[in-house]
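This document opens with one chain alone, in structure tokens, the form predicted alone.
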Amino acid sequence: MKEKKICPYHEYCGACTKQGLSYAKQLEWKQNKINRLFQKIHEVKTIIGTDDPYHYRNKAQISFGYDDRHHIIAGNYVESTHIIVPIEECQLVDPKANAIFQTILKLAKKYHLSVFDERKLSGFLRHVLIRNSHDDTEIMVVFVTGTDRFPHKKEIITELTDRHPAIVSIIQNINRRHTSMILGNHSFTLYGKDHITDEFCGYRFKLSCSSFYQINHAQTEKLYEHALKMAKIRKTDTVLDTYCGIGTIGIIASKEAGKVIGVELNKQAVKDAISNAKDNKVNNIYFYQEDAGTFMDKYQDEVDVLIMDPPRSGSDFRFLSAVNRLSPERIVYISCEPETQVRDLKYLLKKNYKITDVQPFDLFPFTDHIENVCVLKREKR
């Protein structure tokens, strides 16, 4: 792997905190960090790095604003501010997405599109989000706008799809609120499909504009396959996949399990999960739209393996106490924030569980973030 030059925007953008370090040094830094976090809990295996740390993001977003001369610009916000750093190419973003961003910026200038002003809650173009399949055969473009009206919609769609024929879906999402959230609550399809399809671990998954899907395709395949191998799932096992999203890890686990139950609070994600299971002809998985803690509180049947992949904030006391009541034989805890993972593990270690394996992965090169898989086994009921 050939190291690239340091990103010219890194001093201002702030997204890549590890710019200037070789990839080997980045992995060393992450290994040391997670070793420190787990030093009193369990031995940590060597972090599994990615084959290519560049252009790994299959989902990217860019924000729009004005410079001092009131010229339209596009780029990333400086961390904790609303100041935009104009960017022509991001080293983390898929090359086709980089090219599409630049085309959209040119079209915005050509057709004199207005930019959304959060203080006045007026203006049109706010963000653009791009999702691509791992082989770039299907690309979705989402225009996040402050108004329903889309000036020069027909001309922009025609020019955009002519220049980038891999685009199979163009969505308009309306977000008029004063918020740091990218997407609003209302979306509609302007061109093509309302989703793209990606192949992952031998299965095909439909992704809508709001679907949660890991951004590093190749590395997440390694992580999920490794995590399920660590879980030692048997044909007689019932697997409960909490925080299941669109059903990715549960559907992958279904080939080894007797039955899989997926629980997810987001209504659209559950619809996508049911559709994904049907499309992949998986008949032993069942999805429920509910808070996972509430679901576990009233679930009466035995669970052999519980999979949890919570948000960065980790799990709350209600969720963990419900896990303790359910008392699964094995727990697979996938975390994108090892600090909150350690906090949650300390609770479970007091409840008759012991750690059998800790395996970190690097899903986010050039950043501080670490993905970590921890497997626990119940010692007694």
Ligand code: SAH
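Residues carry their position along the shown sequence, with the first being 1. From a predicted model like this one, the values you see are computed outputs, not experimental measurements.
Another form, the form predicted in complex with the ligand, is not on view; read the next lines as being about it.
- Comment: 302 to 310 is the region of 81 to 89, 170 to 178, 149 to 157, 302 to 310 lying near the ligand in the predicted bound form, near meaning a non-hydrogen atom within 4.5 Å.
- Of the listed positions (T248, Q219, S254, T145), a single one reaches within 4.5 angstroms of the ligand by any non-hydrogen atom in the predicted bound form, namely T248.
- A heavy atom within 4.5 Å of the ligand in the predicted bound form is found for exactly one of E290, D117, D194, D297: E290.
- By the criterion of a heavy atom within 4.5 Å, Q214 is counted among the residues contacting the ligand in the predicted bound form.
- Contact check for L265: a non-hydrogen atom falls within 4.5 Å of the ligand in the predicted bound form.
- Using a 4.5 angstroms threshold between heavy atoms, Y203 stays clear of the ligand in the predicted bound form.
- Not displayed here, the ligand is kept clear of V260 by more than 4.5 Å at the level of heavy atoms in the predicted bound form.
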